[in-house]
Ligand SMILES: Nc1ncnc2c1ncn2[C@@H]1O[C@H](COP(=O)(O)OP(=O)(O)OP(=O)(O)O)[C@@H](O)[C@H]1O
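Form predicted on its own, single chain, as structure tokens, below.
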């Protein structure tokens, strides 16, 4: 097992957002967390990434407990977050955004990783000198994924990559994510588009109000009447 979350509890003040969540991700898998808004999906990713402190529980990645690590140390461990809403630096160019993501990487490795990003997203190479604010939503999402790739992390956390994108761009992004996974990056995906998420992922966990209610292979979840009724329009 590459990664596991064990009995995770997270609160915002007096509001309990996550209640005893446990799940695991094997190396090379794509695992998705699906659920309605407010189910705790983004909170879980932010806690894994070191942006939020848990009340209790363990987050184990390659034998190290990330539960109380600062975010920059989580990145050093090999975990990269693609946050909800992209959060690129709009006043920096595409190339500057990518360089900044590799602040812990040697110059030669950094340039090699940026070339890898351009191989996945040729449009970013075309826009390398363009400011982030002037990119389309799809291009900004490509850049957000590209920044995670530059860190060299072997576990990528993706928070709502389809948000605000046209269906054709969603399809393109998900095809690239599948290729990134084939090249060796393990992916934990939070996604409101349950149909796309279950199509891409090997396994999934269904969250309701901060707890895991269902789990299993994606095909089984997609065929579950409960999941179809709640998330797939069945």
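Positions refer to the first chain, counted from 1. Quick caveat: nothing in here was measured; it's all calculated off a predicted structure.
Note that the form predicted together with this ligand isn't included here; everything after this is about it.
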Single option in 51, 64, 36, 176 placed near this ligand in the model of the complex, where near means a heavy atom within 4.5 Å: 36
Contact assignment for this ligand in the model of the complex, among 109, 125, 96, 84, heavy atom within 4.5 Å: 84
This ligand contact in the model of the complex: residue 181, any heavy atom under 4.5 Å: no
This ligand contact in the model of the complex: residue 17, any heavy atom under 4.5 Å: yes
Distance check, residue 171 to this ligand in the model of the complex, heavy atom within 4.5 Å: no
4.5 angstroms heavy atom contact with this ligand in the model of the complex for residue 160: yes
Interface stretch in the model of the complex with this ligand - options 37-45, 24-32, 55-63, 181-189, non-hydrogen atom within 4.5 Å: 37-45
